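Taking the form predicted on its own, here's one chain by itself in structure tokens.
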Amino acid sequence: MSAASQARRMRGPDELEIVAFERGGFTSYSACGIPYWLGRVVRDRDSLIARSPETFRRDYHIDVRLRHEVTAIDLDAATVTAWDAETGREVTEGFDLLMLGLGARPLRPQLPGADAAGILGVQTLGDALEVAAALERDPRRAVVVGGGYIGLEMAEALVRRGLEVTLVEQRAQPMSSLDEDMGALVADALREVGVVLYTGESVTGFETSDGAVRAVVTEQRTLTADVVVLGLGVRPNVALADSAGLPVGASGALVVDRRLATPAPGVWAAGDCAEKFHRVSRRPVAIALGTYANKEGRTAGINLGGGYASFPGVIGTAASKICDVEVARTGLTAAEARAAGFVPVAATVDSTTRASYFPGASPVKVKLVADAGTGHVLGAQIVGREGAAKRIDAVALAVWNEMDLGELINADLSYAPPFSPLWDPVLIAARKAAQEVTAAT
């Protein structure tokens, strides 16, 4: 819908007819806000909706067709075929230009009992309504499978709702987008709020009774559950485009150029289904983040409307929280940097979010990764209390602009005791990383 809106701004309804097929029942909502609505931090579900279908139809003259699932794309005939769930009929629509915002497909384990009632995903607002209905039945015990962003945020939501929460993660630590030493801090934060955490365990199945889930079975134990939330991550949803003949890249997402055009004339793709260029590793990646989807949608929409725009790439900046503990990362972790061919040095420092003497100062740990040869900043991870996560933005700009450690050390960041020590934790980490680079060379 970001692309459709931008295309409409470029060209009026007399110049460009826009039809939007949507499988679900909502448009333009904050999927990232769903765990906070379910956790009753956000009280009004409708506050997550940026623009309703009626708004698009009335103000943007976009023909939004809800509950229409596209089942086939014919590039030679320039048509799409969709199933109208309300009428039970198939419809076909021709096109001159085609924009694919297919999103990502949540991973669901192919395990015994995985289709039981009470095993829920949290990807769409429709999914959220199912979870909300399950929580209204007053479950006592919840098991979250997967320790990524959604898994952690849902664990927090369920704790806030008063459930006994267990989280199972097959890796050594939750949040695999962090290095393991920083992930260990996230594990500590989960345990601190009462989540029972089992790492290094894989789920092998689900016990059921009368069609409903009763327990999660791992390699080591059986965990009683009234409700199970899956947070196993997502993969680009490319099956429909792949069957139409559009190329899928090494990342598993659709191949697009900087303008978000696929190799097929007149066909564009953006968001979770489209490959992104990583500005540090210089490789194509598939990263599912709403920030990227919205920016890419805008870029594609400008091009659909006859203008010229390009999307410059990504560096993987993201943030999350587990109750009072904030987590953020940008660029490459030390492990990712090695895999990309760098010789990384990593410096980890402990500091405080405010001047140490100022009321409310809280611990914060910063891990900064740099290239041993050039001193260029490659990435960072931050875990701490209030005021920690948004510090990642300073490092993100350094990574984006290919700054070296000397430039970051002398960056003119703000200071006042209520907001930071005299030397911000990011700058302290940069100083230590510079020492590591000197020692390595």
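From 1 onward, residues are counted along the sequence shown. This one's a predicted model, so the numbers in the text were calculated from it and none came from an experiment.
Another form, the form predicted in complex with a small molecule, is not on view; read the next lines as being about it.
### Query
Just one of 266, 205, 103, 139 has a heavy atom within 4.5 angstroms of the small molecule in the predicted bound form, so which one?
Comparing distances to the small molecule in the predicted bound form, the residue within 4.5 Å is 103.
#### Entry: Listed residue that, although the small molecule is not shown, lies within 4.5 Å of it in the predicted bound form (heavy atoms), from 299, 352, 237, 262
Partner contact (heavy atom, 4.5 Å) among the options: 237.
### Task
Could you confirm whether residue 232 comes within 4.5 Å of the small molecule in the predicted bound form, counting heavy atoms only?
Residue-level check for residue 232: no, no contact with the small molecule.
### Task
Could you confirm whether residue 336 comes within 4.5 Å of the small molecule in the predicted bound form, counting heavy atoms only?
The answer is no: residue 336 has no heavy atom within 4.5 Å of the small molecule.
### Task
Consider residue 9 of the chain shown here, and say whether it contacts the small molecule in the predicted bound form, taking contact as heavy atoms within 4.5 Å.
No.
### Query
So in the predicted bound form, does any heavy atom of residue 417 sit within 4.5 Å of the small molecule?
Residue 417: no contact with the small molecule in the predicted bound form.
### Task
Just one of 86-94, 169-177, 145-153, 357-365 has residues with a heavy atom within 4.5 Å of the small molecule in the predicted bound form, so point it out.
After filtering at 4.5 Å, what remains is 145-153.
### Full three-residue contact with the small molecule in the predicted bound form, heavy atom 4.5 Å, for 35, 68 and 272
So, yes: the whole triplet contacts the small molecule.
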